[in-house]
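One protein chain, two forms: both are listed below as structure tokens, the first as structure 1 and the second as structure 2.
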Structure 1
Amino acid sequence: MAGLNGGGTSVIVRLEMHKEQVTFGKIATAIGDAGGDIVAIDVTRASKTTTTRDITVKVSDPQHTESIIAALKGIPGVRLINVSDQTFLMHLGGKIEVSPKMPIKNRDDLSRVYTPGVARVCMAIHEDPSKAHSLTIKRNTVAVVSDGTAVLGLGNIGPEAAMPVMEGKAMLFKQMAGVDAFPICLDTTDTEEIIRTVKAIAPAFGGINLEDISSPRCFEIEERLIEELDIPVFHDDQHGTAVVILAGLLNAVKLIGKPLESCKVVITGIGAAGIACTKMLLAAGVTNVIGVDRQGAIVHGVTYSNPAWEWYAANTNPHLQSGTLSDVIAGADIFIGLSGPGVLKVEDVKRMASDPIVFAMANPTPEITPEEAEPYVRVMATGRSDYPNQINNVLCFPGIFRGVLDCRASRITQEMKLAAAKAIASVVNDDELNEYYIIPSVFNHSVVEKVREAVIEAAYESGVARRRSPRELQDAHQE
């Protein structure tokens, strides 16, 4: 997922005020002095001696909320009744539900949707399993599967704690692309058990979206499921991030006038997203990619315990550069950070090529802040919503799954991911393109449709689409 961001939230503070002891002006001043921004005031109860008000206050983080509460508690004549966090209120009872597509109004309806009429449909699928795509929810349903081991920037917090994220993703699937997605949070971290479980539930779904599963297990889980299932399997933390980063880079290099293929790219954080991003860049024609992790640059000739790093060493860093990030950053055209806060220093940016491009993706604190980098970079992007050029996976996964479901693709190929990246980039036209707008907003309604169309076309070209294309149907009709 895109991770945490610093966009802030709001809280509703319910206060009882004793009219003879305190005025609302004093309360408003206390909130303002603590840095709070009052956005709404509602009187919920009033008597001769007291007034109860709900005050909605915009805050930056939980610590900010605590400082405002402390300020209010210190005012004589004020009783704090309750504090409601708007974010928590939105999660009460969960964020998604299942609803029928049609009402059951009488016995005749009941006999058709359930027994005895449903038996005919069951037997039709039994005789021809492919009919499950047209006669059940399979044609439009995706399982969002996690084991809770790599949730946002929170780490291994477990399957129950991962549910709010997976529910949120299901909401995005539905709102953005009309895809019915359901969170499946597994109480196991065993690779084989996860693979067996996903295979066992696969008959009900048209696609599998793996989410927030820690590296390196995520590689084997995805690869095995791709090979052993006949529906698309997509680990969004890897490929969604890679697709949107490539989309941003395709537009960013237009501003600096350099072909992406000729750029030197340095990536920090060679985990799931870093490896997938590298594979996308190589597929896009980039030849000089250098991966840097805590141990330094990954270089051919060194033995690594991580099999994924063995592949990385054999396929990147053609000039065998070694050392720290500061050692290999010299002359780089592009920096992509998928690591942690403060990794990239101003001195490092100064040593990059002219008009450098910096994608600092660590959340909530990037590898270098835009404020630090701005004097020295041409294009800056982060994973945060409160800065320009947010690299957000929401631009990718709804359109990709809408496309693969519509053409009944058996898998998602590299060509389909490249097509998705180019489609996202194309939403920003040349007249709009500038240093602060290289990637469309997640609320741009044309993104999903453009990605869908590009993915379907690439699926047919890759030979993985199983639904007959409009051209094939027309040719069959003419015959």
Structure 2
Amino acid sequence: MAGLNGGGTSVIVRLEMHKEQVTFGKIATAIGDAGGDIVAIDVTRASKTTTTRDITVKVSDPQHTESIIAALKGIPGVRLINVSDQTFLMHLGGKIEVSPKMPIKNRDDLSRVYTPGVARVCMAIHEDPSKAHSLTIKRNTVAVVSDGTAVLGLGNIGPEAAMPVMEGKAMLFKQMAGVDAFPICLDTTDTEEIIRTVKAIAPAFGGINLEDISSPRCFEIEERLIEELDIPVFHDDQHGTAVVILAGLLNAVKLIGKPLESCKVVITGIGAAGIACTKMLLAAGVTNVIGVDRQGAIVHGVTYSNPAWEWYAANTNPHLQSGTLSDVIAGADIFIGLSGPGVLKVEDVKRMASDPIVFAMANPTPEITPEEAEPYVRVMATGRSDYPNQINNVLCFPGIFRGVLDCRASRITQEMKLAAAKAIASVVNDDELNEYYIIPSVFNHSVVEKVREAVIEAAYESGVARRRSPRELQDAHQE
């Protein structure tokens, strides 16, 4: 399994070797001894006395890269020219671009896509604003909006640093579901300013995917935007995560034979994802949910300045368990981590009920590593792509937005989210279900289609779909 910091990556080391002083064998040994695995070698330049090579080395974490560089620098006759990291190379200049759907080949085309022809289209929308859905990118485009305050588990790293994640989400929207998504990172953390800004840009978009906005501001921002806009607004870290967790749990409990409703569930990290996940579990019939944040278990009777925790205390922890995570984890059937690295200890896992289910989902470093937890758990899941059972909101957001754009839903209801969770769970059939396969791969093509269908059906049942005829839906799907 890959290490936790770099996610397993490759570096390309360009070095110049003095032929009389050093052999390639010596270099290969040094790289191997420092923990690198050579996967490719290219000679980029050769002279009578020197050879310049690009050596591609697989490393499992950044420390390995540092050790390799140090080892190579210490070899006489080697000059290190450059080290490039494949992951960084993939980010050069950003990961997405805007490209037109058709070329403008001549003046006739120009007069249609632009002035004067475009004016007729503008006036048609002016007369009937709903036509923006069919005559502009609004039909298929979602804004991925962040303020950079809760980026993965990295915390408040700011809007510029948040961009690579939002660009990545845009790539996933397009590749998985054909949805055009645009990353927008805002240089403000003020709730009112964010609401105002998102409302101001909304005309161009068919949906708003809020991403990595810290709690509790994320709750008001989402609630107000849902009320004040007529396009769906979805805080992915809350609902996307909750949907996928429920999908994973529906399948995991099948394996251990305990009804989900009767399970004791302990959740750490009572932020955006933790609160939404709790609401989803309560909606699915679970009664014994205990939330733990930095100061310990959230319990009725204590006063909290965070209004979301006031709600939490009133609606969870029926047996009023207090104390640290280690105190309340005893006898838990399910642990869900939505906090930060290393929060759950092996000793805690050992004190859970039989056949424990551990979803350690902090990104990029989970609450406990699968290596540590594995001997003591029945089902283990993380948010990462390099371990089995990846519980990640990427299983939800592409399909849910594909569905709402296709049926032109005005909002995303709880029924639509529950339908999405069941749809994701249903992709794993009973013959396939096992401890290492409770949730489909993010590359499983059935996921988006099943989520889309379930969401559209639930949107019609909830009365929020604005596209009426099945023919229109079919057309949208085929475009």
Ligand SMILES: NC(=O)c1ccc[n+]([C@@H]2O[C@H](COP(=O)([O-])OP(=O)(O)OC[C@H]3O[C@@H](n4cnc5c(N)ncnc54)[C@H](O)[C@@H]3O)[C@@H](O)[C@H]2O)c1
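Remember, predicted model here, so these are calculated numbers, not experimental data. Counting starts at 1 with the first residue of structure 1 and goes up one by one along its sequence. Note that the rigid core is defined as the largest set of C-alphas that superpose within 1.5 Å between two forms.
Of the two forms shown, the one predicted alone is structure 1, not structure 2. Relative to the superposed core, P370 undergoes a C-alpha shift of no less than 2 Å between structures 1 and 2. With the core held fixed, the Cα of V346 is displaced between structures 1 and 2 by 2 Å or more.
Once both forms are fitted on their core, the CA shift for I231 between structures 1 and 2 remains under 2 Å. For L320, the displacement of the CA atom between structures 1 and 2, after superposition on the rigid core, amounts to 2.8 Å.
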